[in-house]
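In the block that follows, a single chain appears as structure tokens, in the form predicted on its own.
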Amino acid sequence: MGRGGAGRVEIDRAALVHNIREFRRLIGRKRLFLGVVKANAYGHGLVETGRIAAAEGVDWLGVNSAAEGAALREAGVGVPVLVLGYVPLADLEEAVERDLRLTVYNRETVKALASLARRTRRTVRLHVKVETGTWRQGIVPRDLAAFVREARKSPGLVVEGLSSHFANIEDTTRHDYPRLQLDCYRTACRDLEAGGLSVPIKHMSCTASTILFPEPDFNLARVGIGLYGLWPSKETYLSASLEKREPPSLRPVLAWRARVAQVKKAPAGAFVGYGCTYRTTRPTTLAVVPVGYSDGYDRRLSNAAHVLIKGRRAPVRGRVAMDFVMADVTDIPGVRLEDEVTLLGADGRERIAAEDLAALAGTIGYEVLARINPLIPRVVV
């Protein structure tokens, strides 16, 4: 059962399809297009988004865990699925059974997969992640050839891809460090090929690099946040403008809506919410909205954010509680029980963007979206 009081998350199919087509235009038809749907598709609904992407011709999907990959398979999504995150040794068998491609960088993982491949007589496709300067997942270049050679010795294991990841491409308009990482990655590829260990699929992209570095020597492009209509950062947009690249036209895909649970009158001088952090200065009409930080509506939005009711902005008053938030609707006539409330998205000419809430909460749009409680129903509209 979903969190009915917390409303629904609407997924705009037309906007998602539009964004997919914009990135297909950038990527072209000669490269594989991997749509990243990890973290419940950045809050948009793993299965709902994955189905639309696959139907629209996205070649591969990227997830963080074997459980996410299994959910796609159970939903009938048959395109190749690459697990980008770490899969615990205990979960490898399910990943193999579900025909998931796996990102690897530990010899223990490769050894366990080799045993599973022999026992199940299945082919397991591996993508080796090379460390190029993010110092997160990955194997350092000097150990790469030995790692790939060892994996290839095992019947049933296929080293299909070589991947890496940028550290700060979204954070700056100066791309010296990303270019150093690119050079490191390319050197690793050349060294492998010189040793007779060529790997067919090469990928190091994200939304920002897909826009800024349309590298023809990579044959798979990974796109995440851009699918959902958000730019990775203001710096990415500015970089595209400075480099005179035609920026993709992106449309936000997600709207989060709830309903008014109560309309009440508060006198002047009344304290609203926990901690008495807001005090009315006039007779005030409050709309109680059954959404709180347990639903992913950040507590740092207390006394800062707005919601939309009847196409107008209503300021949040008092602290965001676990399950409730109050909005001042004194200047919005006719608000009634169960009127629609837009927490994120558009209502008439007004819009509240994920970037707006992120700025108020001191975070990024990614987090605003990804933290929306997965129990809230996702509805494709």
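Quick caveat, the model's predicted, so the values are computed rather than measured. Position 1 is the first residue in the sequence shown; the rest follow in order.
The following text describes the form predicted together with a small molecule, which does not appear among the structures shown.
Contact residue in the predicted bound form, chosen from Lys129, His306, His175, Arg257 - any heavy atom within 4.5 Å of the small molecule: Of the candidates Lys129, His306, His175, Arg257, Lys129 is the one lying within 4.5 Å of the small molecule in the predicted bound form.
Going by heavy atom distances of 4.5 angstroms or less, which of Leu250, Ala95, Leu84, Leu72 would be at the interface with the small molecule in the predicted bound form? Exactly one residue meets the criterion: Leu84.
Given the stretches 237 to 245, 178 to 186, 278 to 286, 205 to 213, which is the single one in contact with the small molecule in the predicted bound form, using a heavy atom cutoff of 4.5 Å? Checking each option against the 4.5 Å cut-off leaves 205 to 213.
Quick one: is Lys265 in contact with the small molecule in the predicted bound form, heavy atoms, 4.5 Å cut-off? No.
Quick one: is Arg319 in contact with the small molecule in the predicted bound form, heavy atoms, 4.5 Å cut-off? Flag for Arg319 set to no.
With the cut-off set at 4.5 Å between non-hydrogen atoms, does Arg31 touch the small molecule in the predicted bound form? Although the small molecule is absent here, Arg31 would stay clear of it in the predicted bound form, with no heavy atoms inside 4.5 Å.
Does Val329 reach the small molecule in the predicted bound form if we count a contact as any heavy atom within 4.5 Å? No.
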